[in-house]
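Next up is one chain by itself, shown in structure tokens, the form predicted on its own.
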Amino acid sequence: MIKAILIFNNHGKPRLIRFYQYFAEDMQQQIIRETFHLVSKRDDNVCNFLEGGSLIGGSDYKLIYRHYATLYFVFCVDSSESELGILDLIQVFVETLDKCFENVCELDLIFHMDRVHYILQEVVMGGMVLETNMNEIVAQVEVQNRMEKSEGGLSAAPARAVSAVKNMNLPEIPRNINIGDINIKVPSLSPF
């Protein structure tokens, strides 16, 4: 089972963090630091598997990573996962990001975090691998993009809300409200 997925740059700045096992926030930060130090000091021509750090479970867990340009993609898995299978999964994830963002770079992970998380959820959910077929993942992402465009996206939500309120057929707003002995005068409101 996948316990955590960490993506950070060459300087150790986290770009995507997903834990599938609960850790307190300060512990998560320590795990990220320790993982970065373990992975970043390794030479590029050595094996991409290593034992998990002391914080995340020691020898029962493995860190499987790939270094692409300025980013490290690190999957922390337990002993039941295949190292080569996870390396292939990292490759599928990176290639899917590359297809969806047309030459993915670190800035895409920063400015399109919602899309990156959606793509990751198509690949892994709850620590279990859902899909490894890149074409299927890209197809689902395209369906999601079409749905967002048809709805106008999140940026159009305030304008749609104002438009909906303007188009509501409300009766004239009462100017005086009388309830028994209580008389309430409603101030004049400007029209939309």
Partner chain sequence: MSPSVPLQEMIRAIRSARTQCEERGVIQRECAAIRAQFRQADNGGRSHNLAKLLYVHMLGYPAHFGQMECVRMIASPRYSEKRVGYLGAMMLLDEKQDASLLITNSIKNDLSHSNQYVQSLALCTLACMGSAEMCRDLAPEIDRLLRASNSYIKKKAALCAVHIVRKVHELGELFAPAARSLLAEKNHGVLHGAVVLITELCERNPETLERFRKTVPDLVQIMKGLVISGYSPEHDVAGVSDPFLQVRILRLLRILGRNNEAASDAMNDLLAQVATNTDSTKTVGNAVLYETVLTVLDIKSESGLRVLAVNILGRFLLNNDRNIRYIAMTSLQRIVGTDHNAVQRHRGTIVDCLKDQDASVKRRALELSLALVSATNIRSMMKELLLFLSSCPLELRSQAASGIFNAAERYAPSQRWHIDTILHVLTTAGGDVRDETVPNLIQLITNTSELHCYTVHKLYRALLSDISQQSLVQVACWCIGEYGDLLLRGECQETEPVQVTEDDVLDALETVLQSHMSAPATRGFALTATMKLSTRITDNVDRIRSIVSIYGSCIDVELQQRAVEYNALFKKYDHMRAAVLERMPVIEKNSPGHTNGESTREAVKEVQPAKVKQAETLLPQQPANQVCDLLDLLGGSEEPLQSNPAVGSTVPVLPISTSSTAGGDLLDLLGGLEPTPLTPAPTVTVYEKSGVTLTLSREKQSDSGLTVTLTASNSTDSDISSFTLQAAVPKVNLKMRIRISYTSQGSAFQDTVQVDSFPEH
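Residue numbers count along the first chain shown, from 1. This one's a predicted model, so the numbers in the text were calculated from it and none came from an experiment.
Omitted here: the form predicted in complex with the partner chain. The next part is about that form.
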Item checked: Output flag, 72, 104 and 138 jointly within 4.5 Å of the partner chain in the predicted bound form, heavy atom basis -> no
Notebook entry, point to check: Closest heavy atom of residue 40 to the partner chain in the predicted bound form, within 4.5 Å or not?
Noted result: no
Next item on the list: Spell out, yes or no, whether the shortest heavy atom distance between residue 34 and the partner chain in the predicted bound form is within 4.5 Å.
Entry: no
Notebook entry, point to check: Hey, in the predicted bound form, is residue 89 touching the partner chain, heavy atoms inside 4.5 Å?
Noted result: yes
Next item on the list: Examine residue 122 and determine whether its closest non-hydrogen atom to the partner chain in the predicted bound form is within 4.5 angstroms.
Entry: yes
Item checked: Contact set, 101-129 vs the partner chain in the predicted bound form - heavy atom within 4.5 angstroms -> 107, 110, 111, 112, 113, 114, 117, 118, 121, 122, 125, 126, 128, 129
